[in-house]
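Just the one chain here, laid out as structure tokens, in the form predicted on its own.
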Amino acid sequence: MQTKTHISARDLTVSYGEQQALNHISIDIPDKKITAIIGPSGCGKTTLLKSFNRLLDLQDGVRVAGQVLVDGENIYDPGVEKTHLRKRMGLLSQRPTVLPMSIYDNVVYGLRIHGVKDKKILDQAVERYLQEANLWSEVKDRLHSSATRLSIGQQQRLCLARGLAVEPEIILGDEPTSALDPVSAEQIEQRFLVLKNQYTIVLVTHILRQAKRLADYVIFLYLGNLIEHGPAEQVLNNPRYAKTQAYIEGKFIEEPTIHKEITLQKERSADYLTSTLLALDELQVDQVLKVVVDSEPTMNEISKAVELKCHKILEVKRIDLLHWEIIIQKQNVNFII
């Protein structure tokens, strides 16, 4: 059965001043699954996450191009009401940000902002969402004490309860366990595994073991480019591209040395492949060819055909609105054009 898509990025590009942080990202986030965004520091993970709830709008000098669709609606359309959008998405940051008030008031803070005043409804919400965050049994007898007295792990679960109380569709986590001790981190992870039955969860993590424990789907970013994405089992255990493999193995990610480059535009389909294979034929084994093409279908066609010839695709990425780049390493094979 095909998995429903909840969030989609379409040709998403984000820049901070002159620095481009995301480069033409197109990706689908599955509904009611845990998606992990992985990659080295500074690769654009948090930028991608914050593009989903428009928190990027709060920063000066940020430019966003492209689309982010939530349930098919482009959240960057001028008429979108941002407060309503963010209500649909709970956010857990790296460090918990409890409000300087009681545990009870933290949980119902969002409800009160949205006009809920009935004490019975508020009381029920406090118990329900503290239970969902696996915190109720620890704090039920001190609901009106200060939230700042909780341990950091308890504070993070309180932030989770506060986010759930406004009944979001999506939970976003920006390295939500990085500041926690192992026991507290495990408690948060266990809640995610339960909550994914009701919510779409998107996590930024720099911990590969965590991605392996939690993720149903994985997105690998490097230097603002989308390198690889797919089911977690495939990306983490049998990655298609060299940079993904290097990152997962903890190796230094190297840019391949390009020995030949060709640009193919407005040619017939058969000519694309012929030109590519002729260029490969001129290389020695293990040398690298860069092919630039002018459409995604052409990129897919060449990639599949070259792999059938047993050559190795090192990387495929979009480089601008019109063009795709295919990095091919020649293997020791005989082929017939």
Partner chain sequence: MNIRQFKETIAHRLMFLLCLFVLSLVFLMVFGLYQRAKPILAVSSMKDLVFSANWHPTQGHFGLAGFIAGTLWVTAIAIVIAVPLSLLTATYLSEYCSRWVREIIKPVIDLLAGISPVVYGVWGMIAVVPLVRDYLMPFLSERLPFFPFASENYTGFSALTAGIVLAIMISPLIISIIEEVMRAVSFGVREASVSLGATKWQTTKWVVLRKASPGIVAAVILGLSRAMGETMAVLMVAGCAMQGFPKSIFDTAYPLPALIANTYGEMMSVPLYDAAVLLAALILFLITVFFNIVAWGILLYIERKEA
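Residue numbers count along the first chain shown, from 1. Just so it is clear, the model here is predicted, and its values are computed rather than measured.
From this point on, the text means the form predicted together with the partner chain, which you will not see here.
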Would residue 100 count as a contact of the partner chain in the predicted complex, using a 4.5 angstroms cut-off between non-hydrogen atoms?
yes
So, residue 146 and the partner chain: in the predicted complex, are they within 4.5 Å at any heavy atom pair?
yes
Would you classify residue 83 as touching the partner chain in the predicted complex, given a 4.5 Å non-hydrogen atom cut-off?
yes
Look up in the predicted complex whether residue 114 has a non-hydrogen atom within 4.5 angstroms of the partner chain, and give yes or no.
yes
Every residue of 39, 206 and 253 near the partner chain in the predicted complex, heavy atom within 4.5 Å:
no
If you check 50, 33, 312, 290 against the partner chain in the predicted complex, which one has a heavy atom within 4.5 Å?
50
Between 91, 246, 188, 236, only one gets a heavy atom within 4.5 angstroms of the partner chain in the predicted complex; which residue is that?
91
Tell me, please, which stretch of 253-261, 120-128, 158-166, 226-234 lies within 4.5 angstroms of the partner chain in the predicted complex when heavy atoms are compared?
158-166
Contact check, 53-84 vs the partner chain in the predicted complex, heavy atom within 4.5 Å, ordered by sequence, gives 53, 55, 58, 59, 60, 83
